[in-house]
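The chain below stands alone and is given in structure tokens; this is the form predicted alone.
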Amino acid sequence: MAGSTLAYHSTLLGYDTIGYDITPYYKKACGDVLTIRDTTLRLLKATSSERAFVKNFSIRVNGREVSYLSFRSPIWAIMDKSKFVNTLREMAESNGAKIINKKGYPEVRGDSIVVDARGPYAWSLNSSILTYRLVAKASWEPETALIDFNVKRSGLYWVFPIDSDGRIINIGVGLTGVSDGRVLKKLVMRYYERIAKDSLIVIDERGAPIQVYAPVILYSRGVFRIGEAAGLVNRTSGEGNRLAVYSAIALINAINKKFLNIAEILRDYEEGISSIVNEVKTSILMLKFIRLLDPKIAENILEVLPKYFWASWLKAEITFNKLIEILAERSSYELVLGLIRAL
């Protein structure tokens, strides 16, 4: 997501662009969700990669629904991620980019800028959680997603449609300490049987790491970082696609201002994604807080969070200031009483 977005936008601005990729064709591992913003929606339409939209959400904790939200218009787009990435690559190449299929960096000249867009593989996989998803035939409510937090294992299950009528779904799980894809697949199959009283007809299955413990680093040893390679992943939801897109665009915009040195580019890049970094660091604090608690207490806290918190979380609007604002709401006395009961 990050590399293809950067390549496309850099060629639009007239830069000589060389991309190194280990494969000539991207086949997505995980992650069909893209939070809807003006920029993400524009790229979805430019690549014709939108498949479905989601506006209804069931939030569950250890299998029990704690909140149900229905928005007037969709806030998630479900995309064909392979098509999104490969189309952007093709568009970049048609604009003059050169894609080389091997590992390594392009030859660095005096006026070259090197960018790391390797996603989770820019880090040790020891700092990641393995997620495993199945694409399957099923009967599911259109425009509706389920997110189920497993507090004990610091992870979550998810289900959402990847077609407009709900006949094909993406269902998966990521749990701390479970790194065997076979085990995760069994857990996913059992989970669906439990919630739908039916079995899945699996079309495709795939696992992928998510760097939930990697630090946020935007520049290191002469190389800029974007997307998950920069540690830009929401640690409470696993979302990385939107952050990949926006960090790539912020970096090329900083480069295009023709600053005289790397420090100035980095400063502008940091300013351009300050809200995203705030969001990511807030999610890190939230995850650490929940993991410090006894699982039963953590479960009780998640159960009493109000709808307006979940609405902000689903729309990816939880920054530190937003979190304080939510806690300062007049109706938050109910949340405080709930927290007291939980503790």
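One-based numbering along the sequence shown. Since the model is a prediction, treat every value here as computed from it, not as a measurement.
Form predicted together with a small molecule: not shown, discussed below.
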So which of Val233, Ala92, Ile273, Ala145 gets a non-hydrogen atom within 4.5 Å of the small molecule in the predicted bound form? Val233
Pick from Asn150, Ser128, Asn241, Thr87: which has a non-hydrogen atom within 4.5 Å of the small molecule in the predicted bound form? Asn241
According to a 4.5 angstroms non-hydrogen atom cut-off, is Val212 in contact with the small molecule in the predicted bound form? no
Within 4.5 Å, heavy atoms only: does Lys258 come near the small molecule in the predicted bound form? no
If you check in the predicted bound form, is Gly104 within 4.5 Å of the small molecule, heavy atoms only? yes
Partner contact for Lys185 in the predicted bound form: the small molecule, 4.5 angstroms, heavy atom: no
Go through 216 to 224, 202 to 210, 262 to 270, 176 to 184 and give me the stretch that gets within 4.5 Å of the small molecule in the predicted bound form, heavy atoms only. 202 to 210
Thinking of Tyr20, Val33 and Arg133 as one candidate spot, does the small molecule come within 4.5 Å of a heavy atom in every one of them in the predicted bound form? yes
